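Next up: just one chain, as structure tokens, the form predicted alone.
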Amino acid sequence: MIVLKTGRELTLMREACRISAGALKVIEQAIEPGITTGELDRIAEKYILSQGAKPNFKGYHGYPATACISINNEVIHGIPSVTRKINAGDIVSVDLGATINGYHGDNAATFAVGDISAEAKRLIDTTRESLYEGIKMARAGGRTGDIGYAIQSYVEARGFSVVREYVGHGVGTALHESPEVPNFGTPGRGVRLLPGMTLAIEPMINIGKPNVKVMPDGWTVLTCDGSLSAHFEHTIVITPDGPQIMTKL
């Protein structure tokens, strides 16, 4: 069931989104060569708790941490570790969210650590830009296929590929609500977009082929061909005047 949020609900949800965005910002400020993914996770959790919220990933279907931290060819759901260090030249995708007053925020970004290759930079830039191309199409009266097509066409025109197995989603009183929001699709197809819908739009883009696999830990998703992957996400609300990003500081 798709839930259209009232003005009061959106006010509550904006606070969860503000905290989610703030947690991603403190990660961006802390990430550097030599720091462990476990330490980054601790920093994010400390910030979220300091705001009176709770990390909404921790314990979700048994997930053990506050953030998903995925390095290089890891697409999503990388589990933080106190022994795994980040190195210069890595690209690091961080996905996290916060819940407060019964509502959720959800956002992600991929960060360059030190000097990275030109192709890795182009991947990060394209993934970020494709997110905004998708958000532009999140308009009342449109369809989820309009969002997916905008992302897919932007990415594929630049020689990259869109992961198919994982998609965006509604978000609100649950971390994952209807509808699904694929990062690929056909214009004019899919669920009708209405004012009050709150969506997490999140392209996951690979340099190589789109195929992915899950590691034995049951969480970490890798590219099958070992190519780099990037991930960006915002929680947005559809209004009569167009989309508004709620996880933007």
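If you're wondering where the values come from, they're calculated on a predicted model, not measured in any experiment. One-based numbering along the sequence shown.
The form predicted in complex with a small molecule exists for this protein as well; it is not shown, and the discussion that follows is about that form.
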| item | value |
| --- | --- |
| Heavy atom within 4.5 Å of the small molecule in the model of the complex - the one residue of 84, 139, 176, 128 that qualifies | 176 |
| Interface residue in the model of the complex among 68, 40, 212, 53, criterion: non-hydrogen atom within 4.5 angstroms of the small molecule | 68 |
| Whether 45, 47 and 111 all lie within 4.5 angstroms of the small molecule in the model of the complex by heavy atom | no |
| Partner-facing stretch of 220 to 228, 54 to 62, 29 to 37, 189 to 197, counted where any non-hydrogen atom is within 4.5 angstroms of the small molecule in the model of the complex | 54 to 62 |
| 4.5 angstroms heavy atom contact with the small molecule in the model of the complex for residue 146 | no |
| Partner proximity in the model of the complex: residue 104 to the small molecule, non-hydrogen atom cutoff 4.5 Å | no |
| 4.5 Å heavy atom contact, residue 74 to the small molecule in the model of the complex | no |
| Heavy atom of residue 122 within 4.5 Å of the small molecule in the model of the complex | no |
